[in-house]
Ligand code: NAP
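Consider the single chain below, provided in structure tokens and representing the form predicted on its own.
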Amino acid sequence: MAELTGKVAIVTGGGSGIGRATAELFVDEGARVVIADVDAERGEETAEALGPAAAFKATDVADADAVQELVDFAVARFGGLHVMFNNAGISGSMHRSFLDDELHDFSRVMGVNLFGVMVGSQRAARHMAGHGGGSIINTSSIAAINAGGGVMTYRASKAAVIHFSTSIAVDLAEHGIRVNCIAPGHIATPMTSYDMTQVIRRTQPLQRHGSPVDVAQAVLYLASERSAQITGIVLPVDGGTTAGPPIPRREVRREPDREGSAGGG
């Protein structure tokens, strides 16, 4: 039997990148999936490609009423809600220097990246609490774990997602609701525009380039019964970046063969 047979899931930011890869994997594993996105064109195209097991609902996750409509839509369309993947996010200002950042986008970034996760978790949990529990997975980032320069509002929003998620994992456990975080790093999506090859070379021990499918596999694990005893964790999907930088390659010096070098013959 497929991992998510009989389950209904919502994937926010499901029209592209990690969200789309997860929606595709969820459907392959037997789930019925509601794809939520502000990009109607991409969201509708994704749902159409996935067939009758998927549906699209235009949603701005920073709007609490819209999120409630999303949950109501999933329940009405597919008969329930078992998995909530709060994945939608934006990067905001890309200023490299904090001194140059006017923080004009603070409210919008926090609205999508943090409030969207909070209200998405709450509205999903309100349904799950009365219907046997469920699994909530929230997308953070390695930028929330490792300190660094630039994108300070983004970093702050994703760090808050981690603390919020681990806190509600405690709060919601009595209802059979598990809450976990993923923290992707160096994954090529429409939101990542930097030179990933150079960054991976300098910061990631596992030199393999990760993909949205790699993250989707981690989300599937946290959504499925394989993780039934797991709640309140943060799972980096980053090739080891949060563990530490790669060890520089060293020349291996071999001692001379002393017996062979004695000569003779």
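This one's a predicted model, so the numbers in the text were calculated from it and none came from an experiment. Numbers follow the displayed sequence, beginning with 1.
Same protein, other form: the form predicted in complex with this ligand, not shown, and the subject of what follows.
With the partner left out here, this ligand still marks one of 73-81, 89-97, 170-178, 128-136 in the model of the complex; by a 4.5 Å heavy atom cut-off that stretch is 89-97.
This ligand in the model of the complex comes within 4.5 Å of a heavy atom belonging to Val38. When contacts are judged by a 4.5 Å heavy atom cut-off, Tyr154 counts as touching this ligand in the model of the complex. Contact between Gly149 and this ligand in the model of the complex is not found at the 4.5 Å heavy atom cutoff.
Residue contact with this ligand in the model of the complex: Met191 places a heavy atom within 4.5 Å of it. Interface residue among Ala160, Val119, Ile145, Val112, judged by heavy atoms within 4.5 Å of this ligand in the model of the complex: Val112. Along 155-188, residues Lys158, Pro184, Gly185, His186, Ile187 each place a heavy atom within 4.5 Å of this ligand in the model of the complex.
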